[in-house]
Ligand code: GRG
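Shown below, as structure tokens, is a lone chain in the form predicted alone; questions about how it binds or moves come after it.
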Amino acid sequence: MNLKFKNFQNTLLKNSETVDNFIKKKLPKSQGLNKKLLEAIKYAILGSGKKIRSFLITETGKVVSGINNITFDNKKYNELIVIASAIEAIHTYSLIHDDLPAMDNSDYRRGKKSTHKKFDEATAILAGDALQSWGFELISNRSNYVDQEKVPKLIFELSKAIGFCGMVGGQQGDIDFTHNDLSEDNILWIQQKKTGSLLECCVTLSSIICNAKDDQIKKLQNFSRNLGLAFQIKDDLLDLHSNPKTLGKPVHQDQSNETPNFVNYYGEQKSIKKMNNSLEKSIESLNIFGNHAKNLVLLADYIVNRSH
């Protein structure tokens, strides 16, 4: 690993620790009979995962503030950490539910047993439900923001990104997919909903908090949309070539399950080409931000060069 990516991994780790510390502080306290539920929530969300989405939120805020000559102070950063933690709660809920036998039926996630294997299926379902609810509790709490008038828009954008027209709709499409549906348009639709919608929501929410201009929001959304596609293709390639120890979850699932992805549709080499094209498009969208966006460029490079 070169020094550039090692330094960037340390930056990601620092961000993860900040978000974890906030979550530890803000999670509701156990009230006796729900102790097991809290244990499952902590098990799923704390101390694991790269927390790329939360980094995308805080870094987007810095980019927007920098390009518009707006002071990026602790108050603004703390608002973004609230949003980042809410997104991590939502993302973790989706992973818990994805791993269930009714969905992907995966026994491992992030290098340890899936939540339903560590506890039980009912507790895993409830832990996911509670994390989704807590994410909205965080993001809708007006006391967390200086400009409280932004709260309804934050809630609207998040709801849209993860519901029927976003992440959950994409998951349903993935479940209902049959080999007869295999086409580039259908694969793109599923992946943009399942993965891309939440990533795009990250830059949208951060842009709202930091008062980004319309053309800046559009460029950041284009960046995140192409980043999401590159991210998903890289995940599919890792499933093809990695091992459970490195990846932290089962591998070689996509081919046996005929998963609707570009590796199964195009083959490996064309998928790599499409991933790299998506990477180029994502970075190109950042040109208007100049050197302010250097960490977002590093994030994009990291995503397609990671080993897990």
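Quick note: we count residues from 1 along the sequence shown, nothing fancier. Just so you know, these numbers come straight off a predicted model, no measurement behind them.
Beyond what is shown, the protein has a form predicted together with the ligand; the following relates to that form.
Checklist entry - Within 4.5 Å of the ligand in the model of the complex, heavy atoms considered, which of 168, 126, 237, 151? => result Looking at the other structure, the residue within range turns out to be 168.
Checklist entry - Which of 222, 144, 192, 94 has a heavy atom within 4.5 Å of the ligand in the model of the complex? => result Selected option: 94.
Next on the checklist: At 4.5 Å between heavy atoms, only one of the stretches 64 to 72, 29 to 37, 268 to 276, 43 to 51 reaches the ligand in the model of the complex; which one is it?
Outcome noted: Heavy atoms within 4.5 Å of the ligand in the model of the complex occur in 43 to 51.
Next on the checklist: Within 4.5 Å, heavy atoms only: does residue 103 come near the ligand in the model of the complex?
Outcome noted: Yes, residue 103 is a contact residue.
Next on the checklist: With a cut-off of 4.5 Å between heavy atoms, is residue 197 one of the residues that contacts the ligand in the model of the complex?
Outcome noted: Flag for residue 197 set to no.
Checklist entry - Does residue 306 reach the ligand in the model of the complex if we count a contact as any heavy atom within 4.5 Å? => result Yes.
Item to check | is_contact(residue 204, the ligand) in the model of the complex, heavy atom dist at most 4.5 Å | outcome: Heavy-atom contact with the ligand at 4.5 Å: absent for residue 204.
Checklist entry - For the stretch 226 to 241, which residues lie within 4.5 Å of the ligand in the model of the complex by non-hydrogen atom distance? => result Heavy-atom contacts within 4.5 Å come from 231, 232, 235.
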